[in-house]
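Only one chain comes next, encoded as structure tokens, the form predicted alone.
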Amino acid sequence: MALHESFLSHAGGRWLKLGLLLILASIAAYAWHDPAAGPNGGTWLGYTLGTIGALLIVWLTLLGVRKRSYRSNLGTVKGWTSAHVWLGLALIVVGTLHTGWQFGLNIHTLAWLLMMLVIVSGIWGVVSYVRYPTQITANRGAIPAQEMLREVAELDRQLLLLAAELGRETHERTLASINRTRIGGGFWRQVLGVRQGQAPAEGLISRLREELNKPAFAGSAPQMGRGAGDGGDSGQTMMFMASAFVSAEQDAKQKETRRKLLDVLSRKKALVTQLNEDITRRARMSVWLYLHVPLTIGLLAALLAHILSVFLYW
């Protein structure tokens, strides 16, 4: 067995094969069955598929219970997850054939619609868990997020010390820029990845490095628009610093201090970007649950109403 076997291919794809077998058997039975009144949920095949579908729905919801049953011997969590995915996909065919394609404005169609929404949100979850963990690992490697946060704090301290050597105004503006740094944020900011007030843009840093490397570091400031920084006041702060760097008379010590300042800014920019990308990916990896779980609860309620209405009124 592979050391890093995916839950999708667990046990040699056992649950994938069972899911496909269930789909093929349902389709074959549906094609063979020819009721006089046409396919519908009230035929013997309709009841059979409906019973299988209802049992699957109830069993699939037990994955959350199994995940929290740490001492359970009823299979592994990976195995349960694999079955959850593949049998959940098979439920699309089983549940739809159960209806006999008879839809209307009633509790039965509502139950089917909720089932489909639960499955679609589950597919979103599977894609997230397959895609984002690899990206998270590639983004920050083996460095823990807490360690990166501590490094950002240390870089802020270094920025203030270096800025203090370049004058009061530079120090104050650097402090203001630090205070506007955003890591994380509200729910939608994390999910959408909208970032403002982070570290200075790479384009600005590159331009400043070019100026620093010129033999005669003097002249007018680089021409940069509002978008040169990372947005808003932070960008204006960096434009001020660029102007001060270029226009001031330089000595060797000041030039080296500004070079160090740019090195620290570059490192902070990279760290803040990594952290925010990490937060966004983690948020996107979990946001589907905010739909999947409530929809599942709604599906169970609709399924119960569907079953009761069938036995009481049909």
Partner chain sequence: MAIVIRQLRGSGNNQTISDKRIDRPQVTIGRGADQDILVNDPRVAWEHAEVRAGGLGGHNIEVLREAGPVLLNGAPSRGSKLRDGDVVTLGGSEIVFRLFEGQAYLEVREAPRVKDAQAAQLRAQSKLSLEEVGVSRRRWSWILFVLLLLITLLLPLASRFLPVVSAQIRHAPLVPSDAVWLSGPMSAAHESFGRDCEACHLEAFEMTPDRACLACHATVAHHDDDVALLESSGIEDYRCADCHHEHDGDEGLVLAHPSLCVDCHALPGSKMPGSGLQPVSDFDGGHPQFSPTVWRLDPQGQREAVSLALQPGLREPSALIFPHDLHLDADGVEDRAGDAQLLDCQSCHEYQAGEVSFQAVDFEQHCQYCHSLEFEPSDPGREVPHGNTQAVLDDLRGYYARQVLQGTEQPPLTLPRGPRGRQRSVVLDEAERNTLLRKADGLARDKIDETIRVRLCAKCHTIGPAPQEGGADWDVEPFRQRAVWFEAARFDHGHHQTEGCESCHAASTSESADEVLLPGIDDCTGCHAGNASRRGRIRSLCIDCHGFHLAGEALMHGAARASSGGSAAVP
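None of the values given here were measured: they were computed from a predicted structure. Rigid core (definition): largest C-alpha set, two forms, superposition within 1.5 Å. Numbering follows the first chain given and starts at 1.
Below: the form predicted together with the partner chain, not depicted.
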| property | result |
| --- | --- |
| In the predicted complex, segment of 255-263, 24-32, 284-292, 51-59 with a heavy atom within 4.5 Å of the partner chain | 284-292 |
| Heavy atom of residue 139 within 4.5 Å of the partner chain in the predicted complex | no |
| Contact test in the predicted complex: residue 135 vs the partner chain, heavy atoms, 4.5 Å | no |
| 4.5 Å heavy atom contact, residue 110 to the partner chain in the predicted complex | yes |
| Interface membership of residue 106, the partner chain in the predicted complex, 4.5 Å heavy atom rule | yes |
| Answer option from 178, 87, 93, 119, heavy atom within 4.5 Å of the partner chain in the predicted complex | 178 |
| Core fit, then residue 284 C-alpha moves 2 Å or more between this form and the one not shown | no |
| Residue 82 C-alpha relocation of at least 2 Å between this form and the one not shown, rigid core basis | no |
| Rigid core fit then residue 181 CA moved by 2 Å or more between this form and the one not shown | yes |
